[in-house]
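Next up: just one chain, as structure tokens, the form predicted alone.
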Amino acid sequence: METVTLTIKNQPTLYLEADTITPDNFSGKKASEIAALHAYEGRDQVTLGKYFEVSGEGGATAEDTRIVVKGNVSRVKYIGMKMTAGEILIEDNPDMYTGAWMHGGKLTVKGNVDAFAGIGMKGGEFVIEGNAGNYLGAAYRGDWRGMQGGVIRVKGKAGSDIGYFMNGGTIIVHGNTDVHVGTHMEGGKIIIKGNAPSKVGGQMVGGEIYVYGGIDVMMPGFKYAQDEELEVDGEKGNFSLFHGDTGERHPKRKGQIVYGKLYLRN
């Protein structure tokens, strides 16, 4: 696997939209060709080389390409957008839309990510070693297609509205979350190993939510069903299962109503 290293040398005055920072775009290119790839600062089209020192070259394919991003990229958006293979390591805190619509490969952030990370994600592995902002793994504003596949793991805490309109895949948050977890959720799995304050699973019609800590205020549309012993994220535990959101319309399978499932760890 070939490695391309991007080291930021100039901070954008506005914000830099750098959706070309993916193994797909870097594969088969030398450093000078990568530096010539476009980005946008506001309405102006610029090049990556204006803001980054580029060293190394891409592999023959995206799968053979690894990207390391160094320096303060808190004003750089869309890193890893629509990547299908390969690896990206971001050593600092990127701005919004990191890993948006990701299809495959592995994306690792050593710091925190801002809002809308992993939105519409369809595949791959996204690891955030710090905290995540709002709308993690959610749908784009005005869309009903949230995360559909892949795995997002947050080793810190996460903000509000994670898994909004989620259809598939898995989100794992090791810390606490803010409000509105899994709103309009239709499929997939959300695992919260900390606490979630309120509005968990609102208007949920499918999928599974697991909360290891506490929920301060349960949504009124959830009804206790039974206790179960389950293995979740590689560890066994006892959970109370609640069906919901009972205020929503739900499909039927073999005459039985299919509810979303909210599990609280006992």
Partner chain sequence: MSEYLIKNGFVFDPTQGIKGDKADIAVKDGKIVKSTEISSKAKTIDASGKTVMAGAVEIHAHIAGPKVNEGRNYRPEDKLFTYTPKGAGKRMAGGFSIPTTFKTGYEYARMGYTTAMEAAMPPLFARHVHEEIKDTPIIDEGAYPVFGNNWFVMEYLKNQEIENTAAYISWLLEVTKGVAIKVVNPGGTEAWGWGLNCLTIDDPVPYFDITPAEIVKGLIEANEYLGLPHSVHIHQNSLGNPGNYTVTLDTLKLAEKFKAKNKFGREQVLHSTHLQFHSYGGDNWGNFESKSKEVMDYVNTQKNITVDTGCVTLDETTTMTADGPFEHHLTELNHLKWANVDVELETAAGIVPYVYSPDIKVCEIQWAIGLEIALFTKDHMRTFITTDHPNAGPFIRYPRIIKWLMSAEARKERIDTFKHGAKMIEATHIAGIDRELTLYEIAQMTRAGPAKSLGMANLYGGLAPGMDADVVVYDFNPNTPHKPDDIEKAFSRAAYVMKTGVPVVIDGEVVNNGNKRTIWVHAKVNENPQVMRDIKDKFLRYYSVTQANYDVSKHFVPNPYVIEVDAT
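Residue numbers count along the first chain shown, from 1. Since this is a predicted model, take the numbers as computed values, not measurements.
The form predicted together with the partner chain is left out here; the points below concern that form.
Residues of just one listed stretch (171-179, 155-163, 128-136, 142-150) have heavy atoms within 4.5 Å of the partner chain in the model of the complex: 142-150. Of the residues given (85, 191, 81, 115), 81 alone sits with a heavy atom within 4.5 Å of the partner chain in the model of the complex. Shown here without its partner, the chain carries 40, 43 and 101, all of which come within 4.5 Å of the partner chain in the model of the complex through at least one heavy atom. Though the partner is left out of this view, residue 249 does reach within 4.5 Å of the partner chain in the model of the complex, counting heavy atoms only.
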